[in-house]
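In the block that follows, a single chain appears as structure tokens, in the form predicted on its own.
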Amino acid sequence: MSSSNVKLQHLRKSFFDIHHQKENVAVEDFSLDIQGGELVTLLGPSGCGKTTVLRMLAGFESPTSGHIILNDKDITQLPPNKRNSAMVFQSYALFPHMNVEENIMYGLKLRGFSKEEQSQKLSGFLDIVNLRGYEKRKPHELSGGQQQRVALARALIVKPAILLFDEPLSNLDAKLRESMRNEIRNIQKSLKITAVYVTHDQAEAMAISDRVVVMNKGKIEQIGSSQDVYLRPSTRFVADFMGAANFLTQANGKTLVVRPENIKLHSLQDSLTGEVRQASIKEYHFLGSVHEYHLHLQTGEKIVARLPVSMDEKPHFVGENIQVSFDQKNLHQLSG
């Protein structure tokens, strides 16, 4: 399966609200170059425009302005069936009256492949998605994870230039979500297929992506690797959205961000150097793998620290006055 390059150039999508007689902008000036074989995740809260971008890529929505380029060809105005793309939906969208093999081969049938060609292609993809032996089962006889595998195989078997995922795991329980996201990533990498994946789940985005595009109110806030957007967020929104974050104000008015796991607690008697502040413990929670402390700094700022649990360690107590230290390399200054 060959890898395809995709360019989204200054995409804008607006809808006219007849009731209020005004234009609502869903996506504004969205530009992104996706390399062949790359998996890019569009991440953000509900209503941020990520699904609208995906639907424009698929051809289900037409951009108000801007261009979509697939392998140097402008496909902006092409209908979905002319784009050589395939989508895996949140709801699986399987045909209930068809069995597994009929669902998977449906796209091949539409494209005019003979029954012999369909069967030959089916065999390989049953192994790829681990569904060998389930060919004759109907969707209602499958688990959620198995249904999602059928949907994935149906999308892959037509050899799309780009594979689109619309929150494909949100209907699965947490444990199955984790195993399925790993399966999807492994299959995507082994086939070297270009993919765009939409989710609102930060952990899912960080685990599965080559790059993450964090969106807010129709615009791109930051594009980068999982490590970039988590450890080096460009804006307060990104820092806050990507997980628990503490914000510290410097004397010059600039804001520093530090993650709870990068804070260390010390007794008042310890002699420390570097970035150190005094604090009091207001809340304590045992979360199994970590101790979580809610702290009030003497400067008035409130922060959260998460320390790994050790069997021989006695936790600090609520009301205790302590010192808080920050490793300089874990303090990141926000640019926006």
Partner chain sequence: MPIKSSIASYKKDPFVFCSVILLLILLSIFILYPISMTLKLSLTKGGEWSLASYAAIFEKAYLQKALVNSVVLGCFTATFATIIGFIFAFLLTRTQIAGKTFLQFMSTLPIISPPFMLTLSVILLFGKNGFVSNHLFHFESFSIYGLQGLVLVQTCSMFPLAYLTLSGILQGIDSATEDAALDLGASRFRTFLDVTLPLAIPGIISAWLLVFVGSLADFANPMILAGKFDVLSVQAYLQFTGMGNLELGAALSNFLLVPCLAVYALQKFYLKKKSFVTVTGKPLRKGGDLTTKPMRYFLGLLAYSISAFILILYFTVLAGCFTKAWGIDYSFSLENFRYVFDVGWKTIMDTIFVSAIATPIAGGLGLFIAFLIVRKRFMGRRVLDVIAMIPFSLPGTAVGIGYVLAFNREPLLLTGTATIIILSFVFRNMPVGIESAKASLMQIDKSIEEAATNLGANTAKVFREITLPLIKPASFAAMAYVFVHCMTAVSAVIFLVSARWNHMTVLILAQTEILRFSAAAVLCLILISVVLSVFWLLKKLIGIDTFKKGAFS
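As the structure is a prediction and not an experimental result, all values here were calculated from the model. Positions refer to the first chain, counted from 1.
Another form, the form predicted together with the partner chain, is not on view; read the next lines as being about it.
#### Entry: All of Arg55, Ser91 and Arg154 within 4.5 Å of the partner chain in the model of the complex, heavy atom check
Verified in the model of the complex; spot residues all in contact, yes.
### Task
Sort through 125-133, 70-78, 93-101, 233-241 and report the only stretch with a non-hydrogen atom within 4.5 Å of the partner chain in the model of the complex.
Flagged stretch: 93-101.
### Query
Is Phe60 close to the partner chain in the model of the complex, meaning a heavy atom pair under 4.5 Å apart or at it?
Taking the distances in the model of the complex, the answer for Phe60 is yes, it comes within 4.5 Å of the partner chain.
### Task
Mark Ser85 yes when one of its heavy atoms lies within 4.5 Å of a heavy atom of the partner chain in the model of the complex, and no otherwise.
Within the cut-off, so yes.
### Message
Given that the partner chain is not shown alongside this chain, does Tyr106 nevertheless sit within 4.5 Å of it in the model of the complex, heavy atom to heavy atom?
### Response
Result yes; Tyr106 sits at the interface with the partner chain in the model of the complex.
### Task
Examine Leu142 and determine whether its closest non-hydrogen atom to the partner chain in the model of the complex is within 4.5 angstroms.
Output for Leu142 is no: heavy atoms all beyond 4.5 Å of the partner chain.
### Message
Exactly one residue in Arg111, Lys115, Lys192, His266 has a non-hydrogen atom within 4.5 Å of the partner chain in the model of the complex; which is it?
### Response
Flagged contact: Arg111.
### Task
Identify which of Ile223, Ala161, Leu256, Val158 has a heavy atom within 4.5 Å of the partner chain in the model of the complex; exactly one of them does.
The residue from Ile223, Ala161, Leu256, Val158 that makes the contact is Val158.
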